[in-house]
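To begin, one chain is listed below as structure tokens, in the form predicted alone.
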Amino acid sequence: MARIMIIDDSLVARMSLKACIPKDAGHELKEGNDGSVAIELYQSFKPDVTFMDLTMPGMDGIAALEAIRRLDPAARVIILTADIQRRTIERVTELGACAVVKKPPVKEAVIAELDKVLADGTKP
């Protein structure tokens, strides 16, 4: 069982991602709709893994990733985005993202990245 935080401004995207996460694993899920909510929720919920969208109104995912990594350099964040340009992937990797999953999420890709991050007891 893990605590998983989902941050995306789209309710449909959050629902789609939640549908990819195995329900029988007993994971605890919390969700938010922008980067500032992500930072607040990160501090109170202390997730094992965060799925973060990049493009959101208000504070975007890159700013939220930077802020969360300042709060917790060991934070495990998986970026979920339609922008899979090499430059974007390099940028979020430099900021400490564990992985990038292309939107719309495919269940197998989400489970593979989630399992990989949870199996690696060490945070980046």
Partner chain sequence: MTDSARELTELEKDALQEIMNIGFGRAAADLAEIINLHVILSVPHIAVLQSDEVIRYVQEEIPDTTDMSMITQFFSGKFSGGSFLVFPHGEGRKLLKIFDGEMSLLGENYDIDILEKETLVEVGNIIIGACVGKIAEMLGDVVTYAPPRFFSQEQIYGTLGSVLNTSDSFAILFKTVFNFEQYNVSGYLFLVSQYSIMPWLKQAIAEFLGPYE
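The model shown is predicted, which means the values in this text are computed figures rather than measured ones. Numbering follows the first chain given and starts at 1.
The form predicted in complex with the partner chain exists for this protein as well; it is not shown, and the discussion that follows is about that form.
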Name the residue from A75, M56, A64, V92 that puts a heavy atom within 4.5 Å of the partner chain in the predicted bound form.
M56
Among 77 to 85, 31 to 39, 92 to 100, 44 to 52, which stretch has residues whose heavy atoms lie within 4.5 Å of the partner chain in the predicted bound form?
77 to 85
At 4.5 Å by heavy atoms, is each residue in A109, E113 and A119 next to the partner chain in the predicted bound form?
no
Using a 4.5 angstroms cut-off on non-hydrogen atoms, would P104 count as touching the partner chain in the predicted bound form?
yes
Although the partner isn't part of this model, could you tell me whether A13 comes within 4.5 Å of the partner chain in the predicted bound form, counting any heavy atom of the residue?
yes
Using the partner position in the predicted bound form, report whether A25 sits within 4.5 Å of the partner chain, counting heavy atoms only.
no
